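First structure 1, then structure 2: two forms of the same chain, each alone, as structure tokens.
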Structure 1
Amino acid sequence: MLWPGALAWVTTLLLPVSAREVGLLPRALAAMALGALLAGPLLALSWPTLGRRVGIWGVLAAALGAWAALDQGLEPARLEPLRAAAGSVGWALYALGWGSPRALGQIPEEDPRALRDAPLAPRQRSGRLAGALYALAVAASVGWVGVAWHVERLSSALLAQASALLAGVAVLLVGPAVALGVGRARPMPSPGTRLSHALPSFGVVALLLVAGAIWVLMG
């Protein structure tokens, strides 16, 4: 996680904020992104959930804030193709680095004590509505990227692409769960449980609103 994260941070954050005309806010946010990038894997050793939140969402929030505060520093005309490509590869490898393979025994078929027999039939099959919802989620995730290409302001194009990619990934994560849950009766969780599940989404929305307000004030 650290090596590709360092590559992504240097190419897409350190170099843009090193310009003389860049203010204090983008540099502070870039430093926060670096701190979260280094702290995430260390926290994950003892607190996996907290480490993932800091290493993924903390880095992403700080990086988006820094890019938004840069304003004209990330115009496509000023981006070097080689540096942009290296940054894209670094971010992709950093995301893959947070994944982990299943250990032996976590999959029932790989457990040494598993009893081999005919596969169990599913309790119910997904209907046409579930397939339609899943197809709609895939189309919506691609649609976000298409909308981002219609941003005409050069200084906002890169931020729009990053936001569209984040929205597309979120739709792909939520879409299958909604499609598979159609028609299944589940007990309603308590209000406190629903609120705790919604807090990460509220936090992302709040960060985006703050980034938008900063963008408007500095624009």
Structure 2
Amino acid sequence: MLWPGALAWVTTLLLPVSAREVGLLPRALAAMALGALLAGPLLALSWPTLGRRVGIWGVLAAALGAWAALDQGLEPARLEPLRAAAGSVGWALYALGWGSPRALGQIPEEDPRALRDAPLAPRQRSGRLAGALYALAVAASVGWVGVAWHVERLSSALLAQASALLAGVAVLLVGPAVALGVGRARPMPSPGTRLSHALPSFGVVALLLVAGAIWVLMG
């Protein structure tokens, strides 16, 4: 985890704070981030919990503080795409490096807490519609991010990326619930009850659609 961490630190912290006009605070925070980045894995050898806290949260807090203190140093116009991409990859690999994969040769069934009885039978199988709906949600999430990449104006581009990501995460979280909830065999409340639960959302949507139609007609 040290190599990707070092790459991320150099590309996203060292280079921005090396500019002549940058003050002492961002530099000190960047140095703290480096200290935490190096100390975390070392501490984790003896005190795993403390090491993880320093290596993950300490680095994150110091890096966020340094970026916040940079003021205009992180404006989209001043970001170099290659450096930003290298930094993103570095941070992603650093985060993955703190993961704890299972040891080689060890299988989950050997865990003393594992249930050794016959596998539990699923209460119902998800149908084709569920699969199709979730595939649609995944495709839409990816598509929105693709559309957001085509926004040319910088200020809108960041907003478009954030909106596309948020919408994608929301749909991916909610998609399985909708996909599995439709056509389920287990007892459900009556259709009237289901409709009444969704009524507040429908009411606001209806108001918004009417307001939108009026806006279009008057505009």
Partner chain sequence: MPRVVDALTVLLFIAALAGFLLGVLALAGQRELEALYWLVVGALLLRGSVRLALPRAP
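For residue numbers, the reference is structure 1: its sequence is counted from 1. It should be emphasised that the depicted structure is a prediction, and the values quoted were computed from it without experimental measurement. Under this definition, the rigid core comprises the largest set of C-alpha atoms superposing within 1.5 Å between the forms.
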item: Number assigned to the form predicted together with its partner chain in this pair; value: 2
item: Large Cα move at residue 19 between structure 1 and structure 2, threshold 2 Å, rigid core; value: no
item: Exceeds or equals 2 Å, Cα of residue 135 between structure 1 and structure 2, core fit; value: yes
item: Rigid-core frame, C-alpha of residue 204, shift of 2 angstroms or more between structure 1 and structure 2; value: yes
